[in-house]
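One chain comes next, on its own, written out as structure tokens in the form predicted on its own.
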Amino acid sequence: MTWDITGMGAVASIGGTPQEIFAALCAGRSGLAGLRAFDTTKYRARQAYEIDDRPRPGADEPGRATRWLREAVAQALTDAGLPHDLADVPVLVGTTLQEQRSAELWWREGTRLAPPDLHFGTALRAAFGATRTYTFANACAASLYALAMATDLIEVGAADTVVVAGTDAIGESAFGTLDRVQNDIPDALRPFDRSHKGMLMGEGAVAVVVQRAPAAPAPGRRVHARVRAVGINCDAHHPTAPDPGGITRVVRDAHRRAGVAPGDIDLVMLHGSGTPKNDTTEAGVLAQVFAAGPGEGDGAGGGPLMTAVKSMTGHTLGGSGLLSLVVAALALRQGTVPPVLGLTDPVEEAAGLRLVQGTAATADLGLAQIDAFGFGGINAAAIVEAVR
């Protein structure tokens, strides 16, 4: 069985729609800026990839993650040509922090907070009449986990249409924790470059409408891309350090479920978190998975093109995997792959990979792999194909 992506919506630091975000990525425009949310003198890192929608610098307001979620879902429904009525449509939301920032503002500044507003379902019910809402807190793989559940719901006949989404706003406690545990002080997120020093947080929301693929072509039905498979696992290897074995297994499982070989993949949307351990592990695994073999490239310039959008959006946490999927869908359709911004000197483990550097690359693309790996060994990989 396959599943169609018929609607897409997204909001990030570099754009307010999927098309704006994709254009910014292809042009190499970054959302990196000085930290706006809170007092920078408390932290070593002074940069982030924030959405600039606060009332003024240094001021913050609750409910931003929920507001972006509503916007992304509305965009996706409109894009799919569906009414904004989700009474009978499951909505699956991946997140890392949920509305943690709203709770911080209530605790520290006395900002009004009603406990039901901490649950995304409250806003989705008010805006769209949604009655079946579920939140997945599977770290940075959350939205791809939600996508896997959506495909399961459709496959078993529990739904014909599912909305999958992801959203996160930067919280001070999370930013402060990250600031203290990273050995170096990153001034930008530079995936797979030897100068990488760590991860910087980003903000945004993303949503897609997933529907059962028809047995025969449906005239007038626009499909952005088709989901062939989603692989998920949790290797529980370490609280933070990635396990090459767990990542290898989830990638190969996604290929197996999709019925494809590594040589069939034309594009890989890398997790690319910019942390030395994650980058070298992901690069090492992919170098082995896509090593030259029968039908798997020539070992010199062969293999899929690879890029990492976090180099311009920052790490958008729970929604990052789904945001990469939306970018992949646009790349497949337009035949253009954004570059990895700031990548000039790849890490040794990435030496044989076709990382897109400098400017966007053009190619005939048919199949894409999307990686998302989270703390605790929570891994996900999706395979999507172009629909001509």
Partner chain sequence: MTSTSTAHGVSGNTEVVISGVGLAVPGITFPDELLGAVREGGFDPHTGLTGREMRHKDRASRLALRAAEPALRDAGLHDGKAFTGDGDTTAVVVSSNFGILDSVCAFADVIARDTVTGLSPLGLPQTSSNVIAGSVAMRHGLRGPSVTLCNGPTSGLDAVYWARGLIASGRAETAVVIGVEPSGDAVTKLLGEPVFDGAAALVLEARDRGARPRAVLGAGAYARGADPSAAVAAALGGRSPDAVSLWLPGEDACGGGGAGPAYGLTARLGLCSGALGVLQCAAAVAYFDRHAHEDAAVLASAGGPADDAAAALLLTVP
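Here the structure is a predicted model, which is why all the values come from computation and not from measurement. Positions refer to the first chain, counted from 1.
This next part talks about the form predicted together with the partner chain, which is not shown.
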Can any non-hydrogen atom of Ile14 be found within 4.5 angstroms of the partner chain in the model of the complex? no
Close approach of Val156 to the partner chain in the model of the complex, 4.5 Å, heavy atom: yes
May I ask you to check whether Ala261 falls inside a 4.5 Å heavy atom distance of the partner chain in the model of the complex? no
Please run the contact check for Val230 against the partner chain in the model of the complex: heavy atoms, 4.5 angstroms, yes or no? yes
Among Gln100, Thr135 and Arg256, does every residue place a heavy atom within 4.5 Å of the partner chain in the model of the complex? yes
Only one of Ala287, Ala188, Met149, Ala127 gets a heavy atom within 4.5 Å of the partner chain in the model of the complex. Which one? Met149
In this chain shown alone, the residue from Arg212, Arg226, His119, Lys197 with a heavy atom within 4.5 Å of the partner chain in the model of the complex is His119
Counting only heavy atoms and a 4.5 Å cutoff, which of 304 to 312, 111 to 119, 263 to 271, 75 to 83 contacts the partner chain in the model of the complex? 111 to 119
Which residues from 369 to 383 come close to the partner chain in the model of the complex, meaning a heavy atom within 4.5 Å? Phe375, Gly376, Ile378
